[in-house]
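One chain follows as structure tokens, the form predicted alone.
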């Protein structure tokens, strides 16, 4: 399964470049995002060594939550820590901004953004959402938006994003319309149809839809959303701004800013792109709408453009923003680089999902083309998962008694359903996972079924 060859550093002739009106910095003119291997592709034993710090007693089927970071990248991060601690003034004046610029340039090329100043680094996708929703709140406060103007979001939206919309948009006078999506889901068209219906509700009585919040890969349940189609519909329906919450996307599914066409797009780099926490990128398409975006922490860089503001928010650890070149070297040790990793993970998670569904007599929550590196697998109905609390208790039980880390999702039965699958496991696959991890999960559930276990037996 393993593949790999060491790639060169990002390189090219340096020239001077201005970003968002900030000070002149040096950056590579031409990036080399992949290169032919100078040695054989990475081996299984080398992958195992890169992730030897993982707890060997735990089957980690939940890369989607916190991601992972290989030893070579951790080492690079430690070197940045030491460079800072040995001489902070030199680090600040001579290394920090150029290092961040190089990392932003790599991400700009990877996601096919038009301009470097469209890419900013923030701690995580939740911070990115705050930046976008803060601007919406200001628009209400300044009278650009009217009380009762609408924001559309998927009801699958991540909990923290929902809370952020509540804190900034609803509190400022906006109305929220949720897109109620089916699960299990069998086609992109089901999602597109429900999205159009929600837009119709949002535009009823002459209301204006000011914002659409669209997930690229939903968290729970996990589904790849036809984001390009939904953004296109928003343009047709004159939705003012579109924010794509793509916390899982980079390193997990295809990401192309020019193809997607959103105003704002945010993705974590620690989940599927092997960075340490905490780093995400926020893409803001060049337009008048992006001129009034600001980091919620106001620093000396306020007013110099979002990318510059985000590059300094006071004394803190900036090493996650500086190790992107080391991550690029790591992923290019695999055949096909990050594209090869995405395909490898997708194919493996589908294979393991189908194996588990067959073993338990259940089904997948989505067809394979609607999953990326995560997939939903139905759990046996006999486990008695009847509410969200049962799902949490079962997850804890699997962790504490079987050494398995996997999220569990509760699906409310539809009217008339009896004995249906109401519990789903969200399994991930990352390069460190082995088939035995999934066999361990299969066997644990089979044992619980044999023992006539139900969630009702677990105490709160």
Partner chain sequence: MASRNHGRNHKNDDNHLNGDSSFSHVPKKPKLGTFITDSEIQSEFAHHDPAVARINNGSFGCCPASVISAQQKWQLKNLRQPDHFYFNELRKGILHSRTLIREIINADQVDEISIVDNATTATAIVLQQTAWAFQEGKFQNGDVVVMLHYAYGSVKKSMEAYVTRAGGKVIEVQLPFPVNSNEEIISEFRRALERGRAGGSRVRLAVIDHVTSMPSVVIPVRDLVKICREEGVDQVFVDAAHAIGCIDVDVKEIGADFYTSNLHKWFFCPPSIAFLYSRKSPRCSELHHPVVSHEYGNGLAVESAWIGTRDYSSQLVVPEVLEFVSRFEGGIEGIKSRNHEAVVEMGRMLATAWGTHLGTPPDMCASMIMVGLPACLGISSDSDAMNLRAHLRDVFGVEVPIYYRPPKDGEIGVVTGYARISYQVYNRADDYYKFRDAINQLVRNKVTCALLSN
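Positions refer to the first chain, counted from 1. Source: prediction; values computed, not measured.
The next section is about a form of this same protein that is not shown, the form predicted together with the partner chain.
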Quiz item: Given that the partner chain is left out here, which of 299, 72, 382, 386 has a heavy atom within 4.5 Å of it in the model of the complex?
Solution: 299
Practice problem: Taking 4.5 Å between heavy atoms as the contact cutoff, choose which of 321, 345, 134, 218 touches the partner chain in the model of the complex. | Solution: 134
Practice problem: Give a yes/no on whether residue 339 approaches the partner chain to within 4.5 Å in the model of the complex, heavy atoms considered. | Solution: no
Quiz item: Contact between residue 171 and the partner chain in the model of the complex at 4.5 Å, heavy atoms?
Solution: yes
Quiz item: Can any non-hydrogen atom of residue 123 be found within 4.5 angstroms of the partner chain in the model of the complex?
Solution: yes
Quiz item: Is there a heavy atom of residue 414 lying 4.5 Å or less from a heavy atom of the partner chain in the model of the complex?
Solution: no
Quiz prompt | Among 204-212, 89-97, 109-117, 357-365, the region lying within 4.5 Å of the partner chain in the model of the complex by heavy atom distance | solution = 89-97
Quiz item: From first to last in sequence, which residues of 216-239 have any non-hydrogen atom within 4.5 angstroms of the partner chain in the model of the complex?
Solution: none
